[in-house]
Structures are given as structure tokens and as C-alpha cells.
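To begin, one chain is listed below as C-alpha cells, in the form predicted on its own.
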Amino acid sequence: MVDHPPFHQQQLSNGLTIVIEPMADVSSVALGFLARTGARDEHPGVAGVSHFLEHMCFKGTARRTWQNITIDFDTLGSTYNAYTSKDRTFYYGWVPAEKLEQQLELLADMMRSSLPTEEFDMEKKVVLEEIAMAGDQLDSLAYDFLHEQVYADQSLAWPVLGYEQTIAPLTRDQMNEYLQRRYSADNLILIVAGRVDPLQVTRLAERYCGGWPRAQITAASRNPPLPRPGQSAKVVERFTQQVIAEVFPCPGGRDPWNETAEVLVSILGGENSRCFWNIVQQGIAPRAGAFRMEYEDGGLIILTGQCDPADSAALLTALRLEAQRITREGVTEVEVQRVKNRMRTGLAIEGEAPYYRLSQLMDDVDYRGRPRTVGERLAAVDAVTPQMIADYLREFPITTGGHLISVGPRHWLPD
């Protein structure tokens, strides 16, 4: 019996990286192009260009109008989409295995957008409307303000959508310069999961992507994030709730503490967590929890909640009490096991479908430098212990050195 490697990885002569996971027991294939570019790769004057460009990649190429792109996806029966974050943009589709070539060709064509002028002007209005709508959502405002303050004067500070004052004057030529530089072959990764022949995928990638230029982009083009401590408040009078958040540095995706931090956050502020039982269920605030923002080279753990503005002090006290308790007393084996069981189930279910497996591979390839099997992911979760969480909290405390954020109708910060 011959053991086949779980992954096939190759790099074309122009620098395009290809990562393939054959899945013999399925009848479909999911594939996508990961552009290693996002808000953190923009200079302040064009903040939001990455997200705007994502829109434009659906708006026309040298071979297709936007109508053709939409019709071709539907003709393939594809489940498709794209998204932009602080540090990546991802375009993907999920189709029956026999439609592999057509889906790959369509996505590859989109990576060479022609940025048609009429569509550029029209889509700019759509993006400006998105920015305006985000300003009507308290969670979105608080999230953006948090990054602006914690990462002040760094590229992680500005929002993915950008600002009205950067998108409104943005020109097609500015976007095209960004497209040519950031969507070069050596800054793109083709990821494929499903019932495929790796040699066929490589041949198709060479056919449809082999002529793309490279731009010699390196990891050194990004500066590691440096979160700063402090206190910051933003008054937005039209809301009735106050967001309180305390933000602490945590390791990034390539750090071995990754799974430990994830289990900690889940126990502290996830589903059926300590924050839920001791803050929400006690009537201190209607919403409270913790989550983690992860980047390749750094991240944040955020303890947060929403409350009546008059209850801001009580909410902050409750959040800090939970952070102190978990630091002082640790976690129990039962808590860790419960979270691990839930994570195991999620990983196993996602690992059975190419559509979800694609996202797992993207995270591993982008943040951890290599793909991991479902078994490796499960083993990393299984390895977490209460002692590891205690060790993590000594290395990355959540009781000191944080940045307090307050957003809502009340200008409130503790004395």
C-alpha cells in the first residue's frame, strides 16, 4: 500500500504558490486565490483601497464584463464569494469536481481586473454607502475606534472599509498601481481542496497564471504590530448603549501559544463562558464576553461588553474581576475539556467539506507558514492543559498593560 502525502505544494517560476489537498471521498472541489494584502498594506492616503479593489475584481476583466462574471459563476453552480480583512483578501468558489478548470480560469481572470472606469465610479458610491452604514452600527464604530487607538500611527489603525475622505478622491490609477503591486504572482497563493488530481491543478495554474508578473514582495514589507496601553473614549450621542472594552496584546498566528489562547478566550468569554454566567446572567450587562484578533505576527485579546451608559463602571469592574480570577485561580480540567470537545467537533465537521476545509488551509498557510492536516489541528487542541493556560497568562497577562476603550453616548473613563 502506497502512502500519499496529504498535501501537494509547488511554486511556479513566477512565484505563485500552489497548495493542494486531495480529498478522495468527496465529489466537489473548493479553490481560491489568497492575496496577502489588506488594510495594513495600504498607506494612509488610500485607506480602504484593498476592500474597494475586492469589489472591482467582480466588475470586469479584459475577457468579461461584470455581467459575464456573475453569469459564469451561476452557470458553474458555484458557491462563491470574497472578503477583505486587515491583512488578506480571499476569492473563492466551490463547484462539482468536474468544473475545476472552469472555476479556476474564472477566478484567475478576476485577479487581472481591468478596473473599468464606469464601474469604478459606480462602485465607489457603493463603498461610500458601506462606510456610512458602518457608522450607524455601534459594534462597528467601537471596533474601528479600538484599532485606531491601540495601533495609533500604524497601518493596522485604519478600518478595512477606509474613510470617506480617502475613498472619495481615490482614482482608478491609484487603484491600478496597488493592483499591479499587491496582486503580483509572488504575493498570491492558490489553495485547492477536494477531489482533484494535483498534476492537473498545477498544469491549469501554469496555463492560466503562469504569465503573471512578480513584484518581489517580502514579509519584511510589514512592520510587526505594536499595541499601546492607555485609555481612550469616543462620544457618539445617537446610541443608547455604551461599549466597554479592555484590550491586551497576545501572540499571532505563527506562535505556538495559538491554541492555548483560543481555549482561554473560549472559557473566559465564549459560549457558556464565565463572562456569560457571571456578568450577563447576573444582570450586570446584556452582553459581555471575550474574543481574539489574530494576525500573522501579533494579536489582541479583547474583554468587552455593552451596557446602559450608567452601568459602565460596573461592567468594567466585572470584566476585570473575571480576568483577575482566571489569572489567580486558573481554569479547571472540566472547563478545558468542554471547550476542547466543542473545538474538536467543529474542526472535524469542517474538515469533511472542501468549502470549509479551504478556510482552514488558508489560515494555516497564511498565518502558520504551512498547511496542517485535520489530525494535526485536532492534536494541537488536545494538547492544551490547565497548566498551559496558567503559563500563557504569566507570559501574556490580561490584568495589566491593557488599553481601555469606551464608546457610546457617555464620555466615560475610570478615574
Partner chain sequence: MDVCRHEVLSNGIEWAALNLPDRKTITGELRFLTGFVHEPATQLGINHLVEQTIDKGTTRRTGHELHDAFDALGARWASWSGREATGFQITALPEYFDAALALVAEFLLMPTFPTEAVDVAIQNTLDEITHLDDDPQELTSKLFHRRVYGPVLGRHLYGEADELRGVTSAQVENFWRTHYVPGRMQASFAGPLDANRLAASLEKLFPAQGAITGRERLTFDFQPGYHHQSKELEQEHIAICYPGASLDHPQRFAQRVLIAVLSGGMSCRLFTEVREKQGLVYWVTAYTEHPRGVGMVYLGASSTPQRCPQTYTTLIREIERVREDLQADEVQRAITGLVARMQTRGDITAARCAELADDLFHYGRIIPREEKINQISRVTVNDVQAYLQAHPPTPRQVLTLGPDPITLESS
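Residue numbers count along the first chain shown, from 1. Worth saying up front: this structure is predicted, and the values here are computed from it rather than measured. Only the largest set of C-alpha atoms that superpose within 1.5 Å between the two forms is called the rigid core.
Not on display, but discussed next: the form predicted together with the partner chain.
Enquirer: Give me the residue from Asn341, Asn223, Thr317, Thr171 that has a heavy atom within 4.5 Å of the partner chain in the model of the complex.
Expert: In short, Asn341.
Enquirer: Pick from Gln324, Gln165, Thr75, Thr332: which residue has any heavy atom within 4.5 angstroms of the partner chain in the model of the complex?
Expert: The residue from Gln324, Gln165, Thr75, Thr332 that makes the contact is Thr75.
Enquirer: Within a 4.5 Å heavy atom cut-off, is Glu129 in contact with the partner chain in the model of the complex?
Expert: Close contact exists here: in the model of the complex, Glu129 approaches the partner chain to within 4.5 Å, heavy atoms only.
Enquirer: Would you classify Thr202 as touching the partner chain in the model of the complex, given a 4.5 Å non-hydrogen atom cut-off?
Expert: Close contact is absent here: in the model of the complex, Thr202 is far from the partner chain, nothing within 4.5 Å, heavy atoms only.
Enquirer: With the partner left out here, check for me: in the model of the complex, does some heavy atom of Gly230 sit within 4.5 Å of the partner chain?
Expert: Heavy-atom contact with the partner chain at 4.5 Å: absent for Gly230.
Enquirer: Is there a heavy atom of Gly346 no more than 4.5 Å from a heavy atom of the partner chain in the model of the complex?
Expert: Residue-level check for Gly346: yes, a contact with the partner chain.
Enquirer: The partner chain in the model of the complex: within 4.5 Å of a heavy atom of each of Val95, Phe276 and Gln306?
Expert: Checking in the model of the complex: Val95, Phe276 and Gln306 are all within 4.5 Å of the partner chain.
Enquirer: Please name which of the stretches 76-84, 207-215, 252-260, 177-185 has residues with heavy atoms lying within 4.5 Å of the partner chain in the model of the complex.
Expert: One stretch meets the cut-off, namely 76-84.
Enquirer: Give, in sequence order, every residue of 284-306 that has a heavy atom within 4.5 Å of the partner chain in the model of the complex, or say none if there are no such residues.
Expert: Read in sequence order, the residues that approach the partner chain (within 4.5 Å, in the model of the complex) are Ala285, Pro286, Arg287, Gln306.
Enquirer: Given a superposition on the rigid core, I'd like a yes or no on whether Ala97 shifts its C-alpha by 2 Å or more between the shown form and the other one.
Expert: For Ala97, whose C-alpha is compared between the shown form and the other one after core superposition, the shift is 2 Å or more.
Enquirer: Would the C-alpha of Gly402 be classed as shifted by 2 Å or more between the shown form and the other one after rigid-core alignment?
Expert: Shift at Gly402: below 2 Å after core fit.
Enquirer: Using a rigid core alignment, state whether the CA of Ser28 is displaced by 2 Å or more between the shown form and the other one.
Expert: Passes the 2 Å threshold, so yes.
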